[in-house]
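A lone chain, given as structure tokens: the form predicted alone.
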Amino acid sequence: MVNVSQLQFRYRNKNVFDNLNLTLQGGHIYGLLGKNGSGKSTLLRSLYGLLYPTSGQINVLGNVPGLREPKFLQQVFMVPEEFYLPDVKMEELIHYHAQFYPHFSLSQFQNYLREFEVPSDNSLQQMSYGQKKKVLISLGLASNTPLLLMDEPTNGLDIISKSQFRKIMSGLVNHDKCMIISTHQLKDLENLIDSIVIIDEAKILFNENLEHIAQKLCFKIVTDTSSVNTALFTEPSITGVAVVYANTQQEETKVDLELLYKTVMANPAVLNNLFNS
């Protein structure tokens, strides 16, 4: 569904991407992780055709995003971190939006607004930032595009709204849809995403699904510090020491996204060797 090959992108004499390669398939919700300035938003905007690579190729659903052809744009929706919605009634927004997306569902959109508890009779400019964010997310979901890109979608949402977001998103996974969520709020994505992509130093540092991660790694809180000698990563916690180590005994533990990210960033070469063995 998404194929990025030898992507180079420079911004103000800085290499944002250096021969970046990435393949993403339908049927998955990908969590896109990385430090500030690592290129997460740049990658999403490149996949949407808003930025043009210095060199390399991007193929999304058989299209070149940078050409911005209508047949491509109708198949992709992006929820950016920073956005603007016009001062119109909801009916007007739907009227203009629905005409462009052939699979837009009004009933789904209205259901999402009810789930998010967003009043549909207000002008958009009468809404709070969080309500506008939920309107935009609802538009994206109801457009039923094969590719959905989200940049920090839970920013501006309260605790209840984040829970509603996870509930709604978890019911949307199917083999014909690919969702990519860039975030720093890892706890917001727990029990939602099924694959992790980590960007660092202008390259893809890590790209694995959670099932494979659970097979290769164990995540535990231990009080016996003798076991930390063989750990790939350790971190003090309130109840002991958080430990990540190679799963040589085929144990079943829940993947901790924060610990996974820290482990990858601390030991990228070791992790790559482990997952490629």
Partner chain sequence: MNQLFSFSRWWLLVRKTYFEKKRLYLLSALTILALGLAFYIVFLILNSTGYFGAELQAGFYFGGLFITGCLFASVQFSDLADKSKGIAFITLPASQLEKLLAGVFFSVLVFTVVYTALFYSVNTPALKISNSIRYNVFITEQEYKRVNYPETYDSTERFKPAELVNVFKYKNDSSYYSDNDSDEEQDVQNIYGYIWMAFLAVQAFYALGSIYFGAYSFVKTSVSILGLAVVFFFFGQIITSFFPSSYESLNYDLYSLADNTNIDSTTYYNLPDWLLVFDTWLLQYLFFPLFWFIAYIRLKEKQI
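Everything numeric here is computed off the predicted structure, so don't read it as measured data. Positions refer to the first chain, counted from 1.
Unshown form predicted together with its partner chain; subsequent notes refer to it.
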Heavy atom of P86 within 4.5 Å of its partner chain in the predicted bound form | yes
Examine Q108 and determine whether its closest non-hydrogen atom to its partner chain in the predicted bound form is within 4.5 angstroms.
-> no
Heavy atoms within 4.5 Å of its partner chain in the predicted bound form: does E69 have any?
-> yes
Indicate whether Y129 is a 4.5 Å heavy atom neighbour of its partner chain in the predicted bound form.
-> no
Within 4.5 Å of its partner chain in the predicted bound form: all of F219, I221 and F275, by heavy atom?
-> no
Stretch in contact in the predicted bound form with its partner chain, which is absent here, among 160 to 168, 176 to 184, 98 to 106, 199 to 207 (heavy atoms within 4.5 Å) = 98 to 106
Of these, L73, I94, L172, L192, which has a heavy atom no more than 4.5 Å from its partner chain in the predicted bound form?
-> L73
Option touching its partner chain, based on a heavy atom within 4.5 Å in the predicted bound form, out of L232, V64, L50, V241 | L50
